[in-house]
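This document opens with one chain alone, in structure tokens, the form predicted on its own.
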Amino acid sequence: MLKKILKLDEDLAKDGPRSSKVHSVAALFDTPDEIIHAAAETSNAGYDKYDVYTPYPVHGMDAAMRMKETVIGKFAFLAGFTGVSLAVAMIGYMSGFDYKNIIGGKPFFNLPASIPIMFELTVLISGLFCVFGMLLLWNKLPQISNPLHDTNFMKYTSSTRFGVAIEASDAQFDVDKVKSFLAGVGGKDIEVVYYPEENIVPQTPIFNRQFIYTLILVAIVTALGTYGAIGKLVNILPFDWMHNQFKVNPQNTSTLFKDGRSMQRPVDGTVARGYMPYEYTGMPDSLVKLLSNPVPMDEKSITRGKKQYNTYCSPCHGYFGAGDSRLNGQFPNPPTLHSKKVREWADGNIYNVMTNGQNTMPSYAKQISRDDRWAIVNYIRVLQRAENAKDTDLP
């Protein structure tokens, strides 16, 4: 068996037969200074279909070769711009035309909430385009071989020496002239590189029958392995702790309680820690007599109340409390907050309406915290004072 493996390695290491078609003329150099000089002279001579091969990066090579700025950056920018444009178009269509949904008075196209999606799609599209662009456009895949492979030139330039190879596709290429030129700039071990016979008739490895069969086999083995690991192995002790937990799920039955329910109501009369129950729950505002506003009327509370009011109240009551709903008739317009009745209400009456709800207005006790509801009351007082100002309010 070992002899067969060694023989296989020897067969793979052998260079295949070469054709009579010239690929390039290559020359070796001994020092970085020599390869820098050779690259500069090659550029000055007008050759543009050539490349330099070094075992490690050589500083100043880009300038010597007069390399142009790569287009990969521009390609990535266009791909990223395409990604962000697709994200804006997708979000704009979905939220602005296809499925309009008012959330807390925010606009249909909410830019801050859309930024993460726009960023992710920008990165995704630019990454995919750059990867496939590099593979297909610049690296010329599925071409996986180069005539320089398996040559003495490549063996040395990948280890200890430096080299220049001028390709036959160059407009000025002439074998004798190129050999003379490379010798004149200090080139050594100059050789003519020919195409392998297998490269004369292009072959696409990805359409090879053995490759396709191998790919199918790998896919089947991967699918079966994944199914066995995820579907079976995780359910075997001791790997099933995430599935069999000592807990009850919502809406499921339970054998622990007599009523068979997993979700139990709090014990009557108990109060959660840090929570003060509202004593006027379910009562009309006319019964609220001894409820005072604990939040002081200052700039901080008014600013906070304005933010909460614009988010939760303005879709129906309007930004200034005039009852001019922003819902464009999609919901019954509420009465104005500047009526004599509401202006003469105590703060507790307004707070009670927000907490219990009234008529078609639902309770906002779960959406808005206790202090924020009192801050909204303060802001409503500011709107009422501004709308119903008196002459005595002027300085």
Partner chain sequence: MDTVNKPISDKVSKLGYALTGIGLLIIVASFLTNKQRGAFDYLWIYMFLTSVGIGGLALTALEYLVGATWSVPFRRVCEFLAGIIPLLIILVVPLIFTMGDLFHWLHPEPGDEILAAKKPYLNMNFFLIRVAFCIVVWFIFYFFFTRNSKKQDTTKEPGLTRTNIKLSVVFAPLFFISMTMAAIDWMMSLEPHWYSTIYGVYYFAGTIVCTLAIVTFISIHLKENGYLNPRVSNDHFYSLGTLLFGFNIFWAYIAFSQFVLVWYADIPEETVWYMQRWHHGWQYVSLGLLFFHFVIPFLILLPRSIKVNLKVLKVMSVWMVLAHMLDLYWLIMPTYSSSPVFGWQELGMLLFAPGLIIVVFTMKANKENITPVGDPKLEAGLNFTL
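Small disclaimer: the values here were computed from a predicted structure and weren't measured. Numbering follows the first chain given and starts at 1.
One more form of this protein, predicted together with its partner chain, exists but is not displayed; see below.
Please identify the residue among 77, 257, 278, 97 with any heavy atom within 4.5 Å of its partner chain in the predicted complex. Among 77, 257, 278, 97, a heavy atom within 4.5 Å of its partner chain in the predicted complex occurs only for 77.
Only one of 342, 353, 61, 368 gets a heavy atom within 4.5 Å of its partner chain in the predicted complex. Which one? It is 61.
Within 4.5 Å of its partner chain in the predicted complex, counting heavy atoms only, one of 173-181, 222-230, 150-158, 114-122 shows up; tell me which. This holds for exactly one stretch, 114-122.
Can you confirm whether 249, 299 and 304, the three residues that make up this candidate site, all sit within 4.5 Å of its partner chain in the predicted complex, judged by heavy atoms? No: none of 249, 299 and 304 comes within 4.5 Å of its partner chain in the predicted complex.
Answer with yes or no whether residue 110 is in contact with its partner chain in the predicted complex, where contact means some heavy atom within 4.5 Å. So residue 110 counts as contacting its partner chain.
In the predicted complex, residue 106 touching its partner chain (heavy atom, 4.5 Å): Output for residue 106 is yes: heavy atoms within 4.5 Å of its partner chain.
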